[in-house]
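To begin, one chain is listed below as structure tokens, in the form predicted on its own.
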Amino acid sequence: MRDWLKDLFRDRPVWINALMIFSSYMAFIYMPWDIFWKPVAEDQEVWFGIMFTGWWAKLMAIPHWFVYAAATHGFRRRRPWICTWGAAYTAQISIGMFVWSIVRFEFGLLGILLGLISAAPFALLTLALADAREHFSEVHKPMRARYGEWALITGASAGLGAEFARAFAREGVSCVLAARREDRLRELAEELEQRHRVDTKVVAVDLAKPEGAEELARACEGLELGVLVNNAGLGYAGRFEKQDTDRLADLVAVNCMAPVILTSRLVGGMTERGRGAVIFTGSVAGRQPLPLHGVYSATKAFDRLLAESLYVELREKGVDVLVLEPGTTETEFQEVAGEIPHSGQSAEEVVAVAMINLGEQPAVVSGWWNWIRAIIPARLFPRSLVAYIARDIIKERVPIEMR
């Protein structure tokens, strides 16, 4: 518990952590009680000094609830928008306190004086939030300065892997590009070298083979490898009894065994240097049972649990760990997995989420809609019901002959 609290409150002033605690209390304890259990006759809500009572108070409590929930997220994740919107909210409280006092004392001198006194703390808080942007900046030190000279990206020949390589190259990090298709890797290597002036190393390797991950780890010997992106992955849509056994074995090897071996072989150098990062490309599929994609879903649950465990184990050694959990992404994954094409986020959007959240949390779902679909049903409904709903959704993406 102590270490969790230390991680929760790190790198923020006491007053900001106090606001986060207060917002959490309001969002998860007080506002639910106020809305759902407090008698209507006793309910009161104030906005801009205007008192609402009864059912109007219940209605006006809903935006209050949203404000405190958003503030909890903003303070916890240090989002820059909290400076503007937090300041705006405390400003309206300050205005409300002033208006409430002068109306209460019928615009007399005492009311004005009490109004100024009661409004002053919130006015000061407004100024403090407006001037606190340095504590909520998404701008980090360049990745090369944070983690080291080289990054290894598996599955770099296309999709998320290629975008990860471009993202790290923009940060001045040289890239080891690994995948099966050497021609594509060399095209990407040339692009990175010319556009970003970084070094590259191309390693053509098949991570489905038992020796593949070991070969790749040996190819990185002698490099100051500061980042490992376990991005290579396979999907396979269809009913389990219709799927090819060898292909299922390859899926498990690439999605599970290769990340384990590579992380085990390479993380030691990071801990010795006291800095580094490991990214796992997971999926929202790992958050729930996924009929017609069962083995893939299971492998991504494996990646998520491994990453969240290593986040805690390696954090004190200076190594950041993150599992990125996208939903549908517009890459060639759908075609390779045998799915019917459907729209989703771009690879650039997904990778940007990982780059922002690396070092901030153990897991991140890309996109609010994906977060809602992945998290909320599993917490509100029986898992068996969630599995049936997931089956009906996935069925529309699987060719008829594989259903």
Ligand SMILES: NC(=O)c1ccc[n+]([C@@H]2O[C@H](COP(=O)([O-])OP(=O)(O)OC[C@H]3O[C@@H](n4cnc5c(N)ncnc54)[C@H](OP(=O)(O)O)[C@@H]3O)[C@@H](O)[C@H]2O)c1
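We number the residues from 1 along the sequence you see. In this text, all values refer to a predicted model and were calculated from it rather than measured experimentally.
Omitted here: the form predicted together with this ligand. The next part is about that form.
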Taking 4.5 angstroms as the heavy atom distance cut-off, pick the stretch from 142-150, 323-331, 307-315, 271-279 that is near this ligand in the model of the complex. 323-331
Would 180, 232 and 283 all count as contacting this ligand in the model of the complex, using a 4.5 Å heavy atom cut-off? yes
I'd like to know if residue 336 sits close to this ligand in the model of the complex, meaning any non-hydrogen atom pair within 4.5 angstroms. yes
State yes or no: in the model of the complex, is some non-hydrogen atom of residue 223 no more than 4.5 angstroms from a non-hydrogen atom of this ligand? no
Is residue 205 part of the interface with this ligand in the model of the complex - any heavy atom within 4.5 Å? yes
Any of the heavy atoms of residue 252 lying within 4.5 Å of this ligand in the model of the complex? no
So which of 302, 296, 75, 98 gets a non-hydrogen atom within 4.5 Å of this ligand in the model of the complex? 296
Among the candidates 158, 127, 257, 116, the residue which, in the model of the complex, approaches this ligand to within 4.5 Å (heavy atoms): 158
